[in-house]
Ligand SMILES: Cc1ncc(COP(=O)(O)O)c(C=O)c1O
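Listed next as structure tokens is one chain, alone, in the form predicted alone.
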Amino acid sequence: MSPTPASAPAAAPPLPWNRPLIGPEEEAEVLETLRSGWLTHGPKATRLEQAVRDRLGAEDAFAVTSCTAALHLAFLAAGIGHGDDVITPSLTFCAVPNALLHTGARPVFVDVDPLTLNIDPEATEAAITGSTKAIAVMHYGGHPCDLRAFRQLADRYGLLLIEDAAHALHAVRDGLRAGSVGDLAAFSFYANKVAAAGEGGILAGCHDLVQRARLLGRHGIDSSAWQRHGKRNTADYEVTVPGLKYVMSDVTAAIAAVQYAKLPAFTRRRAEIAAAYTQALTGLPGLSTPAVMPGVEHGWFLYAVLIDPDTAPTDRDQLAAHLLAGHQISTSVHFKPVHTLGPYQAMADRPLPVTETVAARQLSLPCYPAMTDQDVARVITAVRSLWP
């Protein structure tokens, strides 16, 4: 009798570039909210705002529908509009430039530092003119930009400093937490961020500016629905400015508050994954692993490698295709430079060589708390398989 043939090993399941880690705590908070009968901006959003104020040491915080909403409100509250320039990186998502155009202001794109991929302070200073109203920095991938340098630069020229901290909810540089240095800072709870609620954002910073943003973000009404529910008649209000509707719902806040509380543990796991990648991939010809400057506690939203096609056995796009087709591992690219996108091509008024080189070489590997050690090893093995 011949032996029974061994069954073929099962194919590895697809590994997404990102997957949120949602547990029973989030489920319980959402269910409690649904059963409470109060779904819009109320006690859960208020609790989240307080948690952000406590962690950042911020004067105020406002929970809104998205990080983009927070940025739009930041620019409106700061009085940024027609005739104003705002300096910002092009190696970023389009949220900041889009919001600026909706205020009538003009984004001025400058280059990034080749190590951290953050906006460069020297390039920023060189771009300041009499029309410059603010600097909008972005903390690329969770590595904070040089917060002290930008605070000093903004103060020296009398400019507002606004932080796009979508990648950096739990990151620190030189003892300063990302989002705690700017006049205003915007955070994200989007589905793929380090604290994921599907959507949602926070605007934090100076009390007067956040209060103005809060007014603008609830139709210009002088009190919230939750305040009127508890202390005033629901029809007892005044519209003091023509505002917008940007308040975070309590359903979203129920998830976001739990995720925000888990950030220290989430960040530790992301750092473990990043350390494993760096140990295994450092030294591969033509592949650069992310730099971490001294005094930085990285948030690790992105683990971004750079592939130099002149010295590596592959290029960025070939590596991404190999990981997906051969190993069912998804990756992502961060970002297509904003100055190359349709509405902004005419605004590229200076060379951005580092930005364009990075954009052609950058690849984000999976790096998130829901990954197992086996997942991490699988990514490492798949990447290294292209290097002889």
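The structure presented is a predicted model; accordingly, all values stated were derived computationally and were not measured. Position 1 is the first residue in the sequence shown; the rest follow in order.
Here the subject shifts to the form predicted in complex with this ligand, a form of this protein not shown in this document.
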| query | Do heavy atoms from each of 109, 161 and 182 fall within 4.5 Å of this ligand in the predicted complex? | reply | no
| request: Evaluate residue 95 for contact with this ligand in the predicted complex, applying a 4.5 angstroms cut-off between non-hydrogen atoms, and reply yes or no. | output: yes
| task | Although this ligand is absent from this view, report whether residue 66 comes within 4.5 Å of it in the predicted complex, heavy atoms only. | result | yes
| task | Would you please decide whether residue 252 lies within 4.5 angstroms of this ligand in the predicted complex, comparing each non-hydrogen atom pair? | result | no
| Does residue 200 reach this ligand in the predicted complex, with heavy atoms at most 4.5 Å apart? | yes
| request: Identify which of 218, 177, 72, 167 has a heavy atom within 4.5 Å of this ligand in the predicted complex; exactly one of them does. | output: 167
| message | Can you work out which of 270, 214, 298, 193 has a heavy atom no more than 4.5 Å from this ligand in the predicted complex? | response | 193
| field | Stretch from 275 to 283, 182 to 190, 147 to 155, 113 to 121 whose residues place a heavy atom within 4.5 Å of this ligand in the predicted complex | value | 182 to 190
| note | Contact check, 313 to 340 vs this ligand in the predicted complex, heavy atom within 4.5 Å, ordered by sequence, gives 335
